[in-house]
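Coming up are structure 1 and structure 2: the same protein chain in two forms, each one given alone as structure tokens.
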Structure 1
């Protein structure tokens, strides 16, 4: 039943994508009209060059800039973007991309060439760059070459079977900027007046308050998409109650809301669409077994049986029903992959949980500290933490719930100064590909690792470098089953942040990898 529901949700999501890929979007040719107003909780760093801030800015940057690849909604694989074709060497370390000809930058700054791609990537991997993927890309990319105006060659330090869409796709933050423009006007002016190839350009910006994007001239001839709306206005509205009021007052057409506000928004004649993917879970501290600095061997949950017990103790169906109002599916972990659709979440079985605890040498339970905090999305995290604590108390654990803030836990988790000897709620992280997700979730390669064993690392290395698609898929399933068996975390649910939507918008094709395509609002 759960598998069926998961499939229905995923198929429903996929159904939204039909006709929304770069190619499919060509069918929509009506001239853009009207304004869509969008309220989000924060405008983040409010910078407009890709390398001057973090990935969450993609929500507005992706109106301006474009990518070498886009994610195929049906398969989750790379489809042509600014790169129209590509090939990879047999060792998986050399990727050669052929660029689409004649894609113009805004305001007559020429067409996209390999020099622009080389420049953009070099800026992103520059030591001063603070954009999300920079750290991994510095390690992965040995060299970028531009042998002719339409060919770009990436030399990698190691094989990565998902380099195309995993790093150069629209789910990551490595869009293509105009080299000539940035070098001519300088970073400061290029940041204030960004030039890209996207369907929109920034036409008004009020610091800390709003950004307005308007379609470029002759947008009907845009190579990838003809948007429905002529103008997109993004407003910073940190308070959720205010966003709900704005939706009800008709001031905005799209805004993230909490699950508790879904009914009240629907009652106002508005509808709900899924936005950003999130996967609330509970992470274990001190179980990065391949890094002695992050491993506590005698902590109870270092034993697999204990981790399994903590998973069996939780009734995910009740959580889906009561906290997510039915708009979520139970999960065994934080990563979502269509390849893992058949791997079920742990069922609710408190008796088995007690039995596993006894087997692990904890018949009377143990003391555990659970830290909780809110994030965006993630207003429900403290409630989820309290719920988990209640279930764990039922199997004999002595749980102390400590409310704190994300910054504090994040520091303790990834700061390298201590090993968390507690467990904590987390909203899950956003991954551009299965490779990048698994690298963090199952190896000790990054400060944000929370679980790793020799087996998980070996499995990951094997899967990440396998270029044969069928073999990779098989290895990915093997990896998923291994992680489920290992109970590497207490996965709770997979969900999409609900967004209240006015009647002006009929569809918003988001998926796990890409919630930033405002140019494809219908």
Structure 2
């Protein structure tokens, strides 16, 4: 229950608590019928192979593909998916998965075998892959073996007690594709007409506008879930006001909305369900100290005192009240973990912030560029950026806010073409595996690191390779306290993104990391 404490608090703030159930636990017996229309702010890269785009595409990719494991929302642990059982070697470096037999790919492309798993993972970790976890998976996975059609063996470079749900589960971006299909038709055609094992297939796509998914033939016999709705149509609607208007007019049945719109949506006779958990924050560019290519030693926030000052300058309680309408809790960082529940956010203390700036050699502040953009979730990020800029100006900084898009910042941050000499709004997520989340953000092992030092790398390696759960939990607390002291980012709050929902939908047992599981809308 401790794992759910923060989740329950936030759900209570939204005035609801939906039953979160394991995958397939509420499978429908009746044949799917009708259409559910969904509006989201962006369709992201609009690509359909796991390795040619980022994680937020899971919102639609997870209709098509499935995973070796799923994460049980109630426990945060792995439950069987395409892998029905698994075992790990005593040293934590060899994981052996036994696949479920007879799971068919769409359109007669055969059943899932170990060759498909090996191929899918090797494509994801290929140097050309741009999916989010590719970097850390390259560092972690030494080899994938397929000794027989239903056995897959992963040889790791180091021990990882959370490899199953941390990398192979639906909280990450490693779904299983059909090797024969992709190799037969090629990446371009496989991307245009994706083949998976999920309950839906892509039946219509209008670039920049919409995607339509329809249940596969004989979906009532699907091994995992029989959806309620025969058709899911996802529309790109960037403007939040337009999404709210469409909800009220009955043009869409589900859409992410701002906290400002919750009351008006409820007043229209609609209801609110939580989508994914998210943690808005501000990241620092140029402070991956263990990688000279990503480190700018003379940038002001290379000094811990400056980073701490920028944290003390922000009134998180005011942000919770005025932007999130009380439906959030202050946070010191980007990752939510029950192990970190007792680590406090930075208090609002502008005088201390000024003292720290003076101590660091910036009594008159300095110039800083803050880039802002929206994500899914993350409609509030530009407003949060403007708010942070106001607080920083109050302690003497000269802040320039530049609106941009996530794709631009993503390529500058992770593409290796430049070291960002600016700061930017972003969103952290609820990582089912703390090991995975920390490896991404706080080690130089990945292209998406935004902070790393020799000490943080050593602490991470000690924690991530510890196989004893109690000892690993203690080390995780030490890591959290260290990151808070180091002010590795400007954490703001932890929250759920509210979704307006029509009366057609009564429940959505979504995973807290990504708002996926559309096949389980009720």
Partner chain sequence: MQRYIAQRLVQAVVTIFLMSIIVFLMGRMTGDPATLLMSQYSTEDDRIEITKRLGLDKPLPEQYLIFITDALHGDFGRSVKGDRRPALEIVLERLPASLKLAAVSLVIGLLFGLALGITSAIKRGSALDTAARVFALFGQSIPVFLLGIVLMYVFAVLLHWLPTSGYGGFKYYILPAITMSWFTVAAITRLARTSMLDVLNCEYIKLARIKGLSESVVILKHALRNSLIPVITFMGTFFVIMITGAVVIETVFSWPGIGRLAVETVMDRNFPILQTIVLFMTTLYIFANLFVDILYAYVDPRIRYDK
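Basically, rigid core = biggest C-alpha set you can superpose within 1.5 Å across the two forms. Residue numbers count along the first chain shown, from 1. Keep in mind that what you see is a predicted model, and the values were worked out from it rather than measured.
Comparing the two isolated copies of the chain, the second one is the form predicted alone. Annotation note: for the two-part rigid motion between structure 1 and structure 2, residue 88 and residue 248 are assigned to a common part based on which superposition fits each C-alpha better.
The chain behaves as two rigid parts between structure 1 and structure 2, and the smaller of them turns through 22 degrees against the larger. We note a C-alpha movement of 10.7 Å at residue 349 between structure 1 and structure 2, with the rigid core held in register. Per-residue C-alpha deviation between structure 1 and structure 2, core superposed: residue 466, 3.2 Å.
With both forms fitted on their core, the C-alpha atom of residue 487 sits 7.9 Å from where it sits in the other form; this compares the forms between structure 1 and structure 2.
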